[in-house]
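Presented as structure tokens, the chain that follows is alone, the form predicted on its own.
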Amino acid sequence: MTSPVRVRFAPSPTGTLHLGSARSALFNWLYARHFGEQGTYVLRIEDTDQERSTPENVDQALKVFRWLGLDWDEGPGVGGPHEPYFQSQRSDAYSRALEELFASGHAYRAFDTKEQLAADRAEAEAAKRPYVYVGAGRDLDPATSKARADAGEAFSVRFKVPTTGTTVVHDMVLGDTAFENALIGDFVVARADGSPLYNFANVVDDADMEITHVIRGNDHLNNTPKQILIYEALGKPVPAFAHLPMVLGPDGAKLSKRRHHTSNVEQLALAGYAPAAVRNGLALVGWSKDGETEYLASDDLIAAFDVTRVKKSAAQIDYKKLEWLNGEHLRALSVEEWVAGYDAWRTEWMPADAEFAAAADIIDGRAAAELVQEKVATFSEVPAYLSFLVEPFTFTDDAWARLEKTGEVGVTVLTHVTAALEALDAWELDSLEAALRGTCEALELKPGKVFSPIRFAATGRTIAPGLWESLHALGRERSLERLASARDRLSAAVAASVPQA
């Protein structure tokens, strides 16, 4: 029987979910789901920054996480056997663990002043040697230490690191990395009030929640030997580690709001991406199934995922590939799935811009799917494709300029097709297509010469759904009115451009 696999993602809800963090969250989710019933995905909220971890920020973080589709087995809103899953509610667990470290001699109070620490660091820099905490309170008698603390003297709690030997990180991605204990130095695990620092709280939480595999960014690698020492001091099993390469922008620079148009998941949700496509795209950043396959449904990703195939070097995100993948995923959806995704984007993420909303809300999701599912790469492109339906009707500058360039040919096309469409008994897709293709034959013109002026005249746009689909959506009255009006305007423009004798 396969041993249980328990992984976790522990975000700090102090901002949006960065794509690098999202990739870590995804890889944990894929790893757990790969093991089926033996895999458990835990979501834990590191909300100890009370100023930034507001209830609103927590709710927004959970909303984005749910949108991404990374369902969790234990955590907020789900519960589980290791509650609570909010770090701010786990102070008792940290207090108990801290007492264990004191009792076993692995922790001590350090009374160094800020000035003394700064002086020690400056001395190390001047001597051009690595700064390592000198451990002034390391061997202080416990009774004396307590008396000084009870007297109100400021202190921090430090972990007593062995002064010899090495701590080896066995990593599923990077292999083995050895750290000299003498260069780690006694590090702070808690403040005087008992509130824990990251390395200590992280270990206590993971140990209490029986996490078996820690999959995270390689910026945490230098924290890992410290955490291993704490696990060992508490007598807890050390989990397996997998440190993931950094996610870079297309230019090879670290992802940032300033340098890159999209650096977080919320921006992708607002832009109308499909969660499955984002999961697919992020999975390919530093990992691949076989080096060739790019389009992968979530079930395929889960079946194929192997953390040992993660690359060691930093990986760049390819926004063009991500957009292409999104279009592929949208086109692969059933109409019902597409409508559900579009409606979810329209109600939860669509910008509040009035003109944008008017175009998006002009028809229902099913009608939108029939018009544009095969054309759009993101849901946010839908309003641009549907804007031709909004009244009052206007031409974009580009559309009119391109219609005007068709000149006398355009006038002839619009004159002929208007008459052909007026003669139709039924305003159906088949009859519309037949009338338009019949115009090509009657005028002995290629479809491009005929369809372009009709499209510009009927939609006033350079971007629109299929031609007969657009006319069908407009209806007989509006279509004929627009075609006739455009014909008359174009005819006048052509006449005005002819030099007078």
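Since we're looking at a predicted model, the values are computed, not measured. Numbers for residues come from their place in the sequence shown, where the first is 1.
We do not show the form predicted together with glutamic acid, though everything after this point is about it.
**Student:** Only one of 263, 387, 202, 406 has a non-hydrogen atom within 4.5 angstroms of glutamic acid in the predicted bound form; which is it?
**Tutor:** Partner contact (heavy atom, 4.5 Å) among the options: 202.
**Student:** By the heavy atom within 4.5 Å rule, which residue out of 375, 106, 220, 309 makes contact with glutamic acid in the predicted bound form?
**Tutor:** That would be 220.
**Student:** Glutamic acid isn't shown here, but in the predicted bound form, which of 342-350, 267-275, 212-220, 292-300 has heavy atoms within 4.5 Å of it?
**Tutor:** One stretch meets the cut-off, namely 212-220.
**Student:** Does the 4.5 Å heavy atom contact test between residue 20 and glutamic acid in the predicted bound form come out positive?
**Tutor:** Outside the cut-off, so no.
**Student:** Would residue 10 show up as a contact with glutamic acid in the predicted bound form if we use heavy atoms at 4.5 Å?
**Tutor:** Although glutamic acid is absent here, residue 10 would touch it in the predicted bound form, with heavy atoms inside 4.5 Å.
**Student:** Whether residue 46 contacts glutamic acid in the predicted bound form should be assessed with a 4.5 Å heavy atom distance threshold; does it?
**Tutor:** Answer yes; at least one heavy atom of residue 46 falls within 4.5 Å of glutamic acid in the predicted bound form.
**Student:** Given that glutamic acid is not shown alongside this chain, does residue 179 nevertheless sit within 4.5 Å of it in the predicted bound form, heavy atom to heavy atom?
**Tutor:** Because no heavy atom of residue 179 falls inside 4.5 Å of glutamic acid in the predicted bound form, the answer is no.
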